[in-house]
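Only one chain is included here, represented as structure tokens and corresponding to the form predicted on its own.
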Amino acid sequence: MDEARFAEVDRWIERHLLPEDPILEAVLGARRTAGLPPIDVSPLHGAFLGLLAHLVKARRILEIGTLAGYSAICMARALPEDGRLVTIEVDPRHAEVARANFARADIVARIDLRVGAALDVLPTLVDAHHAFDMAFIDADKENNAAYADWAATLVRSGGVVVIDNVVRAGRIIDPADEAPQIAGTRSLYAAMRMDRRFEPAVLQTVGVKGWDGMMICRRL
């Protein structure tokens, strides 16, 4: 497995496919300056999330795990002017950096940033008249199954739910690996196999983020 080659190909595709985006580059720069962990989605994955939002004609998007706001900006840009993205971040420092990045991207009006533990915030979002069209889950992996369960409540029929980091460099298949993030990821698979509210699929990915994958689910 040549991770350097994966990253090189990712960057080649970025250069040849994606337009230059000084705003998103500044967002990453602000994250680095603030000392936040380098766990944003890649530019190609950000473009993919934005495309999915367009495809489902999203007006309301839920994100669990904001970090510095990179993925939120990618998705919020796909919303109509009166669209709304609710993003939940447990770390006040991360939320502070994200707010500045939302202002930098001139997208504050479309984003509702909630600070707190996601399992405390999610019950406050239940509104039968304003279901979400899309959800992106990219937070603590230990609670992924619980987050997916909430997504089934909050996302409309026909909507899409994306869960990041579900391959973990292949560690999910190692029975001796009982790290909390790995155990949490396995719990997600077990829950999704039995959950008749979703039609799930998984894409393994390689690139600047190494070897991982995304679970993409249609809400039935």
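What you see is a predicted model, and the numbers here were worked out from it, not measured in a lab. Position 1 is the first residue in the sequence shown; the rest follow in order.
Although not depicted, the form predicted together with a small molecule is the subject of the following passage.
*Quick one: of Ile39, Ala183, Ala47, Ala191, which gets a non-hydrogen atom within 4.5 angstroms of the small molecule in the predicted bound form?*
If I apply the 4.5 Å criterion carefully, the residue I get is Ile39.
_Just to confirm the contact call: exactly one of 183-191, 52-60, 150-158, 165-173 touches the small molecule in the predicted bound form at a 4.5 Å heavy atom cutoff, so which is it?_
Heavy-atom contact with the partner occurs in 165-173.
*Contact between Asp133 and the small molecule in the predicted bound form at 4.5 Å, heavy atoms?*
Result no; Asp133 lies far from the small molecule in the predicted bound form.
_Within 4.5 Å, heavy atoms only: does Lys141 come near the small molecule in the predicted bound form?_
Yes, contact at 4.5 Å.
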